[in-house]
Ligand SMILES: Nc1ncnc2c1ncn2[C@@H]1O[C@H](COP(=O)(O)OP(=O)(O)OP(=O)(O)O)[C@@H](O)[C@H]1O
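Presented as structure tokens, the chain that follows is alone, the form predicted on its own.
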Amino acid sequence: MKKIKSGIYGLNELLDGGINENSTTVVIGSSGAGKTTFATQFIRRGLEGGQEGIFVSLDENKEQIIREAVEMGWSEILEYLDKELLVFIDASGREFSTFIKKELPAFVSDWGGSRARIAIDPLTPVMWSTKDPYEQRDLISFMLKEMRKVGTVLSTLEEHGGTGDLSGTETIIPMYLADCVIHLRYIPLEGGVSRTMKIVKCRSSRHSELSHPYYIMKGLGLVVEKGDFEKGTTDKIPQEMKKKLLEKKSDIPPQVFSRLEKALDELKDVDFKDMKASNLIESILNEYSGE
């Protein structure tokens, strides 16, 4: 799986190198968590690397987003707009079903295969456009699949209710459909705020399962602290397991042995956490004993 850099300082290491190319990421958070800033940094990083950027706004107008980007220290955004390397699609106030099913496919037909970065900010109005969960799923699924034909997609989603446990009805469908889910937990406190980021899931990728403090800094945007996360590059445990399997190779069907070898080649010590490798090897051998 090819990785692309996220544009968020400190996040790439937590995602095993970055965001999976041609995937869909949903960033969830309450008002003030920094979701639009996150999306802007994702687009900016692509532009810096020669990728085109597409910003689909479903709530705020184009001028507001540009103004906030400039205030955060990204004045170059105006140059990218002038050169048409960054394209805004302002869908705020539109009838979303019509926009997604009729207008979006025509845009995708023109841009398909461009390997651009696409930010959709936020998905919430689409969820609110209908109370029918089946129609919500149909609209979100269609939109994400269409935009993936253009490149790598990052969407934001408003979190409501204040519990911070992602139990709100508006989060369930986007979380299910996305390849990667990142939760920005923002809690106002007396005299300040508490901000923590957690990678809820990331398909086909090793990632941190910890909560990490993050900050919003002028000129830098979102910055994430690594904390106690250890990336893990050693592979002593899987290599020892391969040796044990080799000793019992005659007891394992050839195609299974080949598959297990390939699987162990992809694993690192950190993947095993508190699991005992000896118990896992015993379970594998027991699965094929007597055949």
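Note that the coordinates shown come from a computational prediction; the quantities given were computed from them, not determined experimentally. One-based numbering along the sequence shown.
Just so it is clear, the following notes concern the form predicted together with the ligand, a form of the same protein that is not shown.
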Original post:
Quick one: is residue 53 in contact with the ligand in the predicted complex, heavy atoms, 4.5 Å cut-off?
Top reply: no
Subject >> Exercise: residue 250 in contact with the ligand in the predicted complex, heavy atom 4.5 Å >> reply: no
**OP:** Could you confirm whether residue 195 comes within 4.5 Å of the ligand in the predicted complex, counting heavy atoms only?
**Re:** yes
**OP:** Examine residue 218 and determine whether its closest non-hydrogen atom to the ligand in the predicted complex is within 4.5 angstroms.
**Re:** yes
Subject >> Residue stretch of 45-53, 239-247, 260-268, 30-38 approaching the ligand in the predicted complex, non-hydrogen atom distance within 4.5 Å >> reply: 30-38
Subject >> The single option of 140, 120, 72, 147 touching the ligand in the predicted complex, heavy atom within 4.5 Å >> reply: 72
